[in-house]
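Before any questions on how it binds or moves, here is one chain, the form predicted on its own, in structure tokens.
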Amino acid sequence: MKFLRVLKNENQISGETVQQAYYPEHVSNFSIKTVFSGNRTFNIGKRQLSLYPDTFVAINKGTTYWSKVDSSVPVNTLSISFSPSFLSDFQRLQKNNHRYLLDEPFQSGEHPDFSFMETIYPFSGDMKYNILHLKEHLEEGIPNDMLINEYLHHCLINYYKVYNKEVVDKSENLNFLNSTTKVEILKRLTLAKEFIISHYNKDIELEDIAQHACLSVNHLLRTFKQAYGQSPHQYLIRVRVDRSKYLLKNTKYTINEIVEIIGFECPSSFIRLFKGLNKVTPGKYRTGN
């Protein structure tokens, strides 16, 4: 199903299900991009971000990007583009009620309050619940703009919470006194995180991650653990296991096939690891027993 909903206040929501698609170079308002199956690749400058159902991407107003879908399975996408006036109204309502976001170093452009770190964020909890309900209403053709805008308002509230957790809090975890240094290191660690998420099923080495983030291996190991509470290798394993959980619940791939898809070599090692992290075997997780 394909849809495009343009509200009277110029907020836009679009979605479709495709296996191959190319979205040419584009500049939009502040937007949030999600997928509910398969994956979609975004190119922002020299960065390539792979989006999966457990993640979403935030793109700032004025950023130029292009994207594509090239998948063996149908990819269900949804994109929300917020009008500047809607964001300004939201900011006025929230300014006195929410913890203020990390400022200057992460912000730029005409509307600095709405220029955030463009990266991959976890898509779960209230953020996912709210957007899933929004998607259901849109697919049903609900004509009520007021209801749709209410969902978009809560989407921004939830994004602020995610941003504070994934950017502000992680910056504060870094053991540097200078705030500018914290910002610069977190930006580089974000590149490392993106590289892991986007190449999780490939044979990547610590040196590859460090080079992509423009950090030495020792500096990467030390600061990544400070920000994310785990080593890059542990983070990679968690991403692989999380992807396996999605595949177990949403596809008919065998466990051996899933092991190969997520980049593991030994099914027995994967099963032991999965059970250690989730207290249940992959087979029982799939059936819910």
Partner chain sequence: MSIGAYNNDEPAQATQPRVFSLRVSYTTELAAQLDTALQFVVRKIGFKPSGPFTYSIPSEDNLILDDTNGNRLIINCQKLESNDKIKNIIFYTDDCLRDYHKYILLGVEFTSRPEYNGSGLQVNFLDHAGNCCTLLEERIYTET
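Computed from a predicted model, the values in this text were never measured in an experiment. Positions refer to the first chain, counted from 1.
Quick note: we don't show the form predicted together with the partner chain, though the next part is all about it.
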* Hey, in the predicted complex, does residue 160 get a heavy atom within 4.5 angstroms of the partner chain? -> no
* Consider residue 147 of the chain shown here, and say whether it contacts the partner chain in the predicted complex, taking contact as heavy atoms within 4.5 Å. => yes
* **4.5 Å heavy atom contact, residue 245 to the partner chain in the predicted complex** => yes
* Asked: Just to confirm, residue 130 within 4.5 Å of the partner chain in the predicted complex by heavy atoms?
  -> yes
* Quick one: in the predicted complex, does every one of 125, 137 and 153 get a heavy atom within 4.5 Å of the partner chain? -> yes
* Structure fact -> Exactly one listed stretch (138-146, 166-174, 80-88, 205-213) reaches within 4.5 angstroms of the partner chain in the predicted complex by non-hydrogen atoms, and it is 138-146
